[in-house]
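A single chain comes next, written as structure tokens; it is the form predicted alone.
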């Protein structure tokens, strides 16, 4: 999807440093972006209240742990490359990056990674606040569960980046490529486990959801961290599915990039 040939590492590290310094200049904006993704925290309160008022398969403490971890996973896997790329193509700013000795995709990728690093202190502070509000829900995951969760979260981010960067290639043919992201998000919000744990879904709906990439982007990494019978997860299958979707979209991305780039040059943008 992006050029990873030897000799580019120093350029990538330099880009990462530049974008990290840039992100530090917008700390207040980072906090606002974090708070704008607070839907899981709202749903946590709703589901905890529901579980406390009627018999359910999950207890309030299960919902508290699930949604705080899900919120952290979403913070680590947020992607907005389609909006950046669409603006770069429409405004002609992509031309400047094409002159540089590195694939333009690295700019967006390192920007995303730098943003994760810059928001890390705020995440720690908010997790500390959660621990004060719900001390009974605090637990320490086993080292194996922590490593598995981190690996699946990294895979989810890479896959989501590949998907959205591929959808962004439509910007070569349309000025509203971001509309595809809005359509994608409709399925994402209902099938990923964002609204409720997949264990609460009817079996037929869960089976259908697992045929799509959405649960593997949110629910599976979350369940891996929790390492609980209440949230079953097949780690091997999750890793295999994430890898498969990433490879498919990476290949499609390169094909669309080559075709779109010829069109972009022809437009004289």
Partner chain sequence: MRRLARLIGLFWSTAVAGEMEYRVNFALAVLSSAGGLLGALFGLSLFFGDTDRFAGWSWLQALVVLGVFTLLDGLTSTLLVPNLGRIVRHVRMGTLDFVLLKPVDAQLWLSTRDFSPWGLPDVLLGLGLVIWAGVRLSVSPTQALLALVPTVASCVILYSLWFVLATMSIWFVKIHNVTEVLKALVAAGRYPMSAYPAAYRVFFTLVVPVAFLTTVPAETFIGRGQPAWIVGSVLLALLLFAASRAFFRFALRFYTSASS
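Positions refer to the first chain, counted from 1. What you see is a predicted model, and the numbers here were worked out from it, not measured in a lab.
Below, we turn to the form predicted together with the partner chain, even though it does not appear here.
Novice: Just one of 50, 212, 243, 59 has a heavy atom within 4.5 Å of the partner chain in the predicted complex. Which one?
Specialist: Residue within 4.5 Å of the partner: 50.
Novice: Tell me, yes or no, whether residue 196 is in contact with the partner chain in the predicted complex, where a contact means a heavy atom of each within 4.5 Å.
Specialist: Taking the distances in the predicted complex, the answer for residue 196 is yes, it comes within 4.5 Å of the partner chain.
Novice: Is the gap between residue 208 and the partner chain in the predicted complex 4.5 Å or less for some heavy atom pair?
Specialist: Looking in the predicted complex, residue contacts with the partner chain do not include residue 208, since no heavy atom lies within 4.5 Å.
Novice: Do residue 43 and the partner chain come within 4.5 Å of each other in the predicted complex, heavy atoms counted?
Specialist: Within the cut-off, so yes.
Novice: Is residue 179 one of the residues lying within 4.5 Å of the partner chain in the predicted complex, judged by heavy atom distances?
Specialist: Yes, residue 179 sits close enough to the partner chain in the predicted complex that at least one of its heavy atoms falls within 4.5 Å.
Novice: For the chain shown here without its partner, which stretch in 75-83, 179-187, 94-102, 143-151 has non-hydrogen atoms within 4.5 angstroms of the partner chain in the predicted complex?
Specialist: Stretch with heavy atoms near the partner: 179-187.
Novice: Across 15-39, which residues bring a heavy atom to within 4.5 Å of the partner chain in the predicted complex?
Specialist: The stretch touches the partner through 26, 29, 32, 33, 35, 36, 38, 39.
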